[in-house]
Structures are given as C-alpha cells and as structure tokens.
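Next up: a single chain in structure tokens, the form predicted on its own.
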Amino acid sequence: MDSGWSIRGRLFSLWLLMLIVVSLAVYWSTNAVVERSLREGQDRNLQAVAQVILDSAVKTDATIDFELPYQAFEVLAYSAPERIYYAVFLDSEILSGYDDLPLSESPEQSSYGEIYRGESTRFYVAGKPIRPGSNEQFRVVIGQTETSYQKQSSTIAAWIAFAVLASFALLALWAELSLRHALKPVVAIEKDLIARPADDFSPIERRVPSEVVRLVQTLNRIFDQHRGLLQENRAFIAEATHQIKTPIAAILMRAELLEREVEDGSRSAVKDLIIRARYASKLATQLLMRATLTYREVLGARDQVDIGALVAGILRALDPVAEIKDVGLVGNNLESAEFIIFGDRIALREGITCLIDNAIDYAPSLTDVEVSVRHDGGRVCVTVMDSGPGIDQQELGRAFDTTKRSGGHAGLGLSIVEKVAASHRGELMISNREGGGTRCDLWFATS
C-alpha cells in the first residue's frame, strides 16, 4: 500500500505555513510601528526647528526684523542625511524660502506627508500672531525628505522578522527531533514486523506509548485471527486433498479392474472413465501443489540452485512415465556448465516438472521431448520442445489458463509454471515449432 501522507511531512508543512504567515505579519506590523515611531520623532524635530524660526522673527512698528537661524537646521541634519525645505510667510506673503511648498488642506493639521520634487517628504506647519491680539499670522513651513527613515524602518522590521524566522526554525528543528524520538516505538514495531517470517502471527509484546496502545492491540487481534485462518486453511487443503484423492484412487483402481472384465463393446467407455479419473487425480495434486507454492512464495524461501543438475534429476524421475507412453526424453547441455540461480528449489523443481510432464502428455508415441538449458543476457532459460499437435494461434495468449489444448486438457500445469516463473522474476514463452509441436521457454533471473 502506498503512503498517501506522513505525519512528519504534514507537521512540517503546518510549521512552514505558520512560519511564513507569522514572519509576514511580524514584518508588516513591525515596519508599521517603527515607521510610525520614526515619523513621530521626525515631526518633533521639525516642530522644534519651526519654533526656533518663529522665535527669530520680531515685528517692529514699521517692519519685520527676521534673520533665518541656519544653525537650527543642524538638528535635522544630525538626525538623518536628508534634504531640508522651508518657507516663511506673513499671512500669504512669502518672506523667505521655497514658494512652491505644498500646504496642508486642513488648517488644523500641523504635520503631513507629500511627494515633493519626486521624493516622499514630511512637512510641519507652525504659526503665531505677529503681536498679541493681531490678526496677522507669521507662519513657517519646514519639510524634510524621509527616504532614510523608511529604509531604517524596513531594516529594523526585516531584522526582527529574521529573528522570528530563526526562532521558528530552531523550534521546528526541536519539533522534528521530538517527533523522531516520539516515533521510535512505532519504528521499532515496523522493524520487528519486517524481520518476521511470513507465517509468524505472534502478538507484539513491546512496550509502547499509550497513544499507540490501541493500534498494537488491534494488530495483535488481527494477527490472532490470521493465525487461526492460516491453520484452518492448511487443515482444509490437506483434508480436502485427501478426501478427493482417496475416492478418485478407488474409482481408478476399480475402473482398471473393470476394463479387464467388460466386453469389447464397453471397453472404450471404461477406458474413457480411466482417463478422466487419472485427470481428476492429477488435477487434485496440482491444486495442492499450487497452494503449497503460494505458501512458499509468501515465506520467501531462497537458496542457490543449479538448474542444469535440477533438470537432469527431473528427467531421470520422469523417464518411467515417458516410457509408458513410448516417448523419449532427451537432455541437451544440462551438465556441461553451471546454471546457478537464486530461488526456491522446490518451486523450481515443480514448475519444470509440470512443463516437461505437459510435453510428455501431448507428445505422440515414438517421438522425443527435448530439454535444454542455456545462459542468455544474465538469465537462465529452460527450453522444452515436443512434436505434439501444438497450440492453436488463437489460444497462445491463453495458454496459462485452464483452457483446452489440441488433444486434451491443459489442467493447471502451465498455470503453475507461470506462477513459478513470475516468483523468480522470469517468464514463460510458448510458441509452435515449424513442422509441428510446441516450444516452451522458461526464463529465470540469475539473481
């Protein structure tokens, strides 16, 4: 089963999302607070300079005695390296400074920001009557660009956001280490289960955290159920095979005796009964063998097997069967070299036996079944060829099923062979020979 997601990955994603959101929020909020604080400080400096300029103007009887105190601008120069603009008005008449400075739209607003000469600039307006009770106003507009203030606020906000980012990164690392430590019992259970044989359904007895106790209890309950099912299946297969093969053997023996006693007209019917009884007995054996191979595949039994020597032994064992049908068994290139593969010896023996036995069944009398072994491209191939009727072209793709082959039943033999090949990372290829007969190539991976 493929994993759809991991706890570690999901937690990391949540931490990363929270880290991004918090960092952006900290940056924006810090930038706003710092910018506001710096702007308030700039407004206080502008107010102080404007007040000094106001105090430097004196109204006499006929004229205004005014001299711009340039030393007052040093306060702004010390606080930030920015451009400074000013204008001094007597009511609407400009007395000194820049005559195009933007004025506040609201008379009550003393400080405001505007874009002046292409730069963001902070302005402050201050005013006082030229004498007590007079309607004439002496006003000062003082401005300073704020590029350095904005850069300073952005730098402070960035450093604070970076500090938050580093803190969250350390917390994420600590959370990762904590999660790994917390998952150690689960990883230990995984390793125990991987190391177990396929038929080991003993309960998990490892101490686990309370959070996974119910999971372990559920696994132990499932193990107990599967152990019972495995035992029942083994007993059922053995009992069913015995119960099927025993009456079939009795029927076969009775039919063979009956063949000697019946008249010639009924002998063909009895012979057909014998053939069907033998097929039923063979099918029961193949069913048992298929179940056995499935179980051995789950166990993963593996060792080094010399295929050439194995095939030679199988030919010697099947020689009496071939003699009954007047079929010869010819082994080519079996022991001239070592054909070693890593696999299940019993499964390989049964698969190759089924393949050769199938060829014997369909080989005509007084013909040979040729068996050879060869190396090819890092694989070992067992080739079995007979001179029988072959396989219809329309049935070649279905040769592994329990379909009919020309001349009789295929049974489960080829299905067992294909299963053995698949469990050894190989394949079974069947084709018709020129001049009649079938060629079966059974491939196995060498490692």
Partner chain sequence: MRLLLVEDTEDLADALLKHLRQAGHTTDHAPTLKAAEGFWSSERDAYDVIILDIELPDGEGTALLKEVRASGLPVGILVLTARSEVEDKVYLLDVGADDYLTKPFALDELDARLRAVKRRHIAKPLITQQVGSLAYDPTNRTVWSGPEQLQLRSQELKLFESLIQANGWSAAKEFLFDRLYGLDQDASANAIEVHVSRLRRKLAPYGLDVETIRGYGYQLKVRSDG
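Just so you know, these numbers come straight off a predicted model, no measurement behind them. Numbering follows the first chain given and starts at 1.
What comes next is about the form predicted in complex with the partner chain, which does not appear here.
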Should the three residues 375, 412 and 419 be counted as contacting the partner chain in the predicted complex, with contact defined as a heavy atom within 4.5 Å for each? no
Any of the heavy atoms of residue 254 lying within 4.5 Å of the partner chain in the predicted complex? yes
Taking the partner chain as it sits in the predicted complex, is residue 350 in contact with it (heavy atom to heavy atom, 4.5 Å or less)? yes
Can any non-hydrogen atom of residue 242 be found within 4.5 angstroms of the partner chain in the predicted complex? yes
So in the predicted complex, is the partner chain close enough to residue 278 to count as touching (4.5 Å, heavy atoms)? yes
Within 4.5 Å, heavy atoms only, one stretch in 166 to 174, 232 to 240, 118 to 126, 86 to 94 touches the partner chain in the predicted complex. Which? 232 to 240
Counting any non-hydrogen atom inside 4.5 Å, which residue from 368, 297, 224, 192 sits next to the partner chain in the predicted complex? 368
Only hit among 202, 246, 135, 71 for heavy atom within 4.5 Å of the partner chain in the predicted complex is 246
Heavy atom contacts to the partner chain in the predicted complex at 4.5 Å, residues of 141 to 174 in sequence order: none
